[in-house]
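Shown below, as structure tokens, is a lone chain in the form predicted alone; questions about how it binds or moves come after it.
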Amino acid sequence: MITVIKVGGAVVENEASLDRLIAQFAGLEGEKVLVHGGGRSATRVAASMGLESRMVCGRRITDDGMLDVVTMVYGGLVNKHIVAMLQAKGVNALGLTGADLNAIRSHRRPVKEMTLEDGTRSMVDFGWVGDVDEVNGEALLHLTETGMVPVMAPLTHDGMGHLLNTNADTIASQTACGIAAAGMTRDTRPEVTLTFCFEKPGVLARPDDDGSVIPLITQDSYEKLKADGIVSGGMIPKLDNAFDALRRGVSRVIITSADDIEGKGGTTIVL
């Protein structure tokens, strides 16, 4: 079994929660990959440099200056801190962006009309934001098979020398899909589990009630949850990525707390 764990920025940026996450991740048996965010750190560093952080539909507008910030923060500060902590636990971690090993290639997201949070329609240019085209699943699978643990930062490249800011949930789901596809060439196809970890215990029916975890979400129930406004904001791309991963060969997707990376609770996503 191969486990792909995605941990959000709110967990990564809190030392106590990160310590717990690292300890649990180090104890996971089998091959594994860790994908991390770090958006709040990027926002803080950008502010210290006098740069405004702008978000549309949960995604960061990435101009030239902001690309420098996210490259420094995601690929450097956050990634190497996690790698060092895992090495201290005896985990042979290797920090990667999508440019390393040509792991993930993307294209720059085109300017397009979108429905904004207030319901209006507007043309949006996300700047240096990438939409994934291809994952080198064979290279990543080779790393895990040789005992290494990839730690993926949310940066990709376009094959023409440009780095692209890419949503960490997308990185996680595409990485899981790429590894699942590469595993199909093996005599024994590995089961790939994708777990999204953040500060809440799962997808909540009531945002302020941690006891209102929705244990199971299907494609049909997801559409109703969106229509009723129960699922909104950043949870929508997370669930979109979950369903896409299931359609492309990932065995199981779980959304849960960073204190439950083994997936004993939380919300399970099924087609």
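Note that this is a predicted model, so its numbers are computed, not measured. Residue numbers run from 1 along the displayed sequence.
The protein also exists as the form predicted in complex with ligand ADP; that form is not presented, and the subsequent description refers to it.
Contact with ligand ADP in the model of the complex, judged by any heavy atom within 4.5 Å, is made by just one of 26, 230, 56, 47: 230. At a distance threshold of 4.5 angstroms between non-hydrogen atoms, residue 199 is in contact with ligand ADP in the model of the complex. In the model of the complex, ligand ADP sits within 4.5 Å of a heavy atom belonging to residue 235. Within this chain, residue 9 lines the site of ligand ADP in the model of the complex, having a heavy atom no more than 4.5 Å away. Ligand ADP is not shown here, but in the model of the complex it comes within 4.5 Å of a heavy atom of residue 203.
Shown alone, this chain has one stretch from 26-34, 47-55, 62-70, 235-243 that lies within 4.5 Å of ligand ADP in the model of the complex by heavy atoms: 235-243.
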